[in-house]
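Form predicted on its own, single chain, as structure tokens, below.
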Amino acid sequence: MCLVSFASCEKAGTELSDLMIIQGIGVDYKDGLYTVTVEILNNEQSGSPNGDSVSENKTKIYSMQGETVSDALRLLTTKSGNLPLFAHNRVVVINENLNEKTIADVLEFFVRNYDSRASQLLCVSKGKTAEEIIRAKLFKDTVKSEILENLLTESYNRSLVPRVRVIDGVNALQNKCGGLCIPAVGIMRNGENEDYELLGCAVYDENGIISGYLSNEEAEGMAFITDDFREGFLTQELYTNEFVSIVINKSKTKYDVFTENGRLKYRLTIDVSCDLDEVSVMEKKKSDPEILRDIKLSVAQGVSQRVEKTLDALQGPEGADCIMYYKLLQLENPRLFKTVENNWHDVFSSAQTQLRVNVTIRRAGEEILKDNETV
């Protein structure tokens, strides 16, 4: 009886046609106002039997200005006539130039709003405004935010850039020592249309202010350092001036933190397992084990170069501790961390890293390449 009574008091649900089902949000800031651009599903097309009998576009795009992100999003109702639904949002695009605002100011709404998901992906618009990214002229009948989400997800799965969600951004900025790397995207021409392109990562300091960028190659080293490697590909030149292409299917990074002569040092041991995808070395004069040893040395060198470039960029004047070296020190030696915490930016910049890469070839792929040694 109680269940029946309570059910009778429930308010009638809101029809989907009366909601703005948001797929992507772009945030710009200029002249004291936020400009928020949203891509929403076209309910007219979604509600038709064939999906295209009412409108040729799957989505609609609206922009609105406000003094806060929340203000601008709520004012969108005056344009669309529908209530916003944030639960289905895929990606948040943030302008690289926020003037006096920080990325923490932008994330404030997405953290506090009850309907907003913490798993929304973050990216930074490079060379374009966030509005231009959301309004990119892609092929028709596409959900732009879905394509952008797929680009970020697949790039992460290939260990090209880190995956940064709203919750990741908030957590990284909670500590005064940590920085944040967010994938950067731009727009490239594709005939009469446009495509999204990956442009490395934007680097934010501990205050949430952008300080520089990592190139695509520099961003690749992030996954090895942070032990978040999933799968990757590497084409490397051998000592015979030939090339080998390999698939890295597994990587494990072990850390060791210590001090030497009063200087902070990190020892990174990276164990890499890979399969040979293509080998152009077929010299009959060289034995199979010798070829494999050359390949392993070349792969180790390629991984080391990527890691070293990433470290050089992050420890430079335009970098920040996006690899959480401070966290490793805090776990390994909390007493020492307390003494350098207030001066961490300088300590991190001068910290040295000793790197060792161990390569195992799991599958050679060619019968002529047989190694009797443990590889």
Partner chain sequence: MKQRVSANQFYFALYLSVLSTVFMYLSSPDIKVSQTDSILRPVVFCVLSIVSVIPSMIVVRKHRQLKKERKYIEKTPFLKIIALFYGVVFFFSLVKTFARFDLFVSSELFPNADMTLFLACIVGVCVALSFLDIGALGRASVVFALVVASSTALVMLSLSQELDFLNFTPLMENGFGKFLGEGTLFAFQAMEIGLITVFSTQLEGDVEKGFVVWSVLSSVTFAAIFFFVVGVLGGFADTQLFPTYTAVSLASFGLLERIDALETAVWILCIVLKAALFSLAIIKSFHIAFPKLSRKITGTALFIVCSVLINFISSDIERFSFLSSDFLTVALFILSTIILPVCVILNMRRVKPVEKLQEDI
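Numbering follows the first chain given and starts at 1. This one's a predicted model, so the numbers in the text were calculated from it and none came from an experiment.
One more form of this protein should be noted, the form predicted in complex with its partner chain, which is absent from this view; the next part is about it.
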4.5 Å heavy atom contact, P334 to its partner chain in the model of the complex: yes
May I ask you to check whether K309 falls inside a 4.5 Å heavy atom distance of its partner chain in the model of the complex? no
Even though its partner chain is not shown here, does D115 get within 4.5 Å of it in the model of the complex, heavy atoms only? yes
Please tell me whether any heavy atom belonging to K60 falls inside 4.5 Å of a heavy atom of its partner chain, as the geometry stands in the model of the complex. no
Would you mind picking the one in K128, R74, R267, R165 that has a heavy atom within 4.5 Å of its partner chain in the model of the complex? R165
So which of Q174, T259, Q305, N193 reaches within 4.5 angstroms of its partner chain in the model of the complex, heavy atom to heavy atom? Q174
In the model of the complex, does each residue in the set V111, V170 and Q330 place a non-hydrogen atom within 4.5 angstroms of its partner chain? yes
To test your reading of this chain, name the stretch in 213 to 221, 198 to 206, 157 to 165, 185 to 193 whose heavy atoms come within 4.5 Å of its partner chain in the model of the complex. 157 to 165
